[in-house]
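Consider the single chain below, provided in structure tokens and representing the form predicted alone.
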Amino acid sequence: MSQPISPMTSRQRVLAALRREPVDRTPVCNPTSVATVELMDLADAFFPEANRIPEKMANLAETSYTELGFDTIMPVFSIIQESSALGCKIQWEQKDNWPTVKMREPIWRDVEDIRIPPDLLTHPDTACVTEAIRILRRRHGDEVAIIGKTMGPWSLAYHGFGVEPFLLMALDDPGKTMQVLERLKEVTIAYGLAQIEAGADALTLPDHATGDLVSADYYRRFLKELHAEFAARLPVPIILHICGRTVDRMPYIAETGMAAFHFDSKNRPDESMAAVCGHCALVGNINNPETLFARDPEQVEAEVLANLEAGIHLVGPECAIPLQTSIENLRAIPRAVRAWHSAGGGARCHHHDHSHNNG
């Protein structure tokens, strides 16, 4: 029998799990967004202001820890902060809708069009995040893990060129595509470093090479080395996030040096663990549109258990959750994790038969 581990703070627990070290219990982690309309009401912080005013952003973000009992706070609810600073046109929306980039109005047509503005990090929409991280660090000290978010170059290219034109470029002109990614990677790194300096313990790095748009071979050709470079140049644990069915590229992702991969419910926990082969941690993968949004806490708990039984390192929603998700369903995640560990689950999870899991 291994020795019981003494109680950890949320921050210690998350950082240990991201290093694949022993933890007192599995951390509940939200590397994307758990903002909801209900939480906006509780925090008196609503979209779009909570995406643009640091104090409001911090107030809404900390509900993940204070109201839901997660081990992480993640203040970047959207995927558009740096795209706004790059000059993309943004549809800011209201309380019950995500802000989006107006991709029908692309700002770039060619590599030469890409200009990194000198005010990238001081633009109000990027500075909002770094200031919110500073506020959260002051408020919560070392108690809880604060996770930042810096968008990968594939995602930034979607925003600047439009999804279809960029995917056509990748098909027709791989050389030019690599030049685009090389230019945009500096945004990813600069913004990541700014958030680390502000106090982020780890960074989510969404790079939307999703299973339905991009093959595993494309991932290997275009992104694997870049992602390894991010893991090397950003001095905190990086959580790569890609939506969709991605088990085919998980072996490549596991070789990049990324600390963790945040995976979608389209991938079963057991097959995902087999695919990364112990080379990176996994974060996930409670289903959003069906389970968290439309089902009840019992179904949420069943998915949490499937992840725990498979040995998933950090448990949480698969992606940014629907804004109408109930607080009750979100609170079911940490409750199920604690109950499983209290019942002795942690002791048996690593030599357990995973074959019955259907995720």
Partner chain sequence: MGHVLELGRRVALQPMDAHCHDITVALYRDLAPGGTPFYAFHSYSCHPDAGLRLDFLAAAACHLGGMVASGARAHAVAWPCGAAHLSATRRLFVEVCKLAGPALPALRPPEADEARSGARYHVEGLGAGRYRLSADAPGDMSVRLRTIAGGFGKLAEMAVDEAAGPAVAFPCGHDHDRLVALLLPRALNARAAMREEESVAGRGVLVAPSAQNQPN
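Being a predicted model, the structure only gives us computed values, none of them experimental. Residue numbers count along the first chain shown, from 1.
Just so it is clear, the following notes concern the form predicted together with its partner chain, a form of the same protein that is not shown.
Quiz prompt | Contact residue in the predicted bound form, chosen from Ile333, Ala306, Ala320, Ala50 - any heavy atom within 4.5 Å of its partner chain | solution = When its partner chain is considered in the predicted bound form, the option within 4.5 Å is Ala320.
Quiz item: With its partner chain left out of view, which of Leu136, Ala202, Val101, Leu205 would have a heavy atom within 4.5 Å of it in the predicted bound form?
Solution: Partner contact (heavy atom, 4.5 Å) among the options: Val101.
Quiz item: Pick from 85-93, 177-185, 220-228, 251-259: which stretch has non-hydrogen atoms within 4.5 Å of its partner chain in the predicted bound form?
Solution: Flagged stretch: 85-93.
Practice problem: Verify the contact flag for Ala310: yes if a non-hydrogen atom of it lies within 4.5 Å of a non-hydrogen atom of its partner chain in the predicted bound form, no if not. | Solution: No.
Quiz prompt | Contact of Glu55 with its partner chain in the predicted bound form (heavy atom, 4.5 Å) | solution = Contact with its partner chain, no.
Quiz prompt | 4.5 Å heavy atom contact, Ala274 to its partner chain in the predicted bound form | solution = Because no heavy atom of Ala274 falls inside 4.5 Å of its partner chain in the predicted bound form, the answer is no.
Practice problem: Decide whether Tyr191 counts as a contact residue for its partner chain in the predicted bound form under a heavy atom distance cut-off of 4.5 Å. | Solution: Tyr191: no contact with its partner chain in the predicted bound form.
Exercise. Taking only heavy atoms into account, state which residues of 139-164 are within 4.5 Å of its partner chain in the predicted bound form, ordered by sequence.
Key: If the 4.5 Å heavy-atom criterion is applied to its partner chain in the predicted bound form, 139-164 yields Tyr158, His159, Val163.
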